[in-house]
Ligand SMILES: Nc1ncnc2c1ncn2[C@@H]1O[C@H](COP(=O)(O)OP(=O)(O)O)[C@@H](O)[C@H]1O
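Heads up, the chain below is alone and in the form predicted on its own; it's given as structure tokens.
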Amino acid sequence: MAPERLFTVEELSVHYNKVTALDRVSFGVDRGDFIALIGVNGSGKTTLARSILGLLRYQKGRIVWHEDVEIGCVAQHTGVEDRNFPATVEEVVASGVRKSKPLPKWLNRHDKTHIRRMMEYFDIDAIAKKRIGALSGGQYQRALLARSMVMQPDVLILDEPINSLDQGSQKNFLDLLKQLNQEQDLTILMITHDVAGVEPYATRILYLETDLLFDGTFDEFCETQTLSPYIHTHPRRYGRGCS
């Protein structure tokens, strides 16, 4: 049986003044994909993600949604500034439900039960009343992930979610994403610089350098000679890396 196509990016181009951020990028995303979107700084990764999310106008091409797809997002962690917002873990997760409700955005009993179950799933129920400023990096990212997952999206886009985490927390977070990918058939598109680290998790690698230079498996990526400078400047961590 052919995989279920969720959306297709067709010849997508984005320009900022006279600078080309994306140049005729095309690829498809199927249900159950775990895609690592990689590339050097300024290669257009975040521009592509924002275009898919509908947050950015593109000048050419189109994005074709093949069914009614619910999409979620975990934005790039920006550090201490995010933590200053006076909210608890429970309030952060609940905001994922509130954003889809009409004013005055009250939560009903079903909403509150669903939020509690979501916090239990992500193992943050014990810190529900804790302010987000007091969380560890791993706890904070779990709270953001629970906020995005509370609406049960089909596709989750993450912008460098593991950058601020130590190596152990990175692995735990990626293990959790893989669990969601396999158990809940969640489709994941994750921006990352750590191609070796995502090797045990990603089913596909997209390498972007304004245009799309590669779309395939990790092993195929390692065998692509034209990408060897990128491969060898990103050493193996907890993945096996390219040999």
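These figures come from a predicted structure and were not determined experimentally. For every residue, the number given is its place in the sequence shown, counted from 1.
Form predicted together with the named molecule: not shown, discussed below.
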| item | value |
| --- | --- |
| Contacting member of Val69, Leu213, Val40, Leu55, with respect to the named molecule in the model of the complex [4.5 Å, heavy atom] | Val40 |
| Stretch in contact, per heavy atom within 4.5 angstroms of the named molecule in the model of the complex, of 170-178, 43-51, 194-202, 57-65 | 43-51 |
| Close approach of Ala21 to the named molecule in the model of the complex, 4.5 Å, heavy atom | yes |
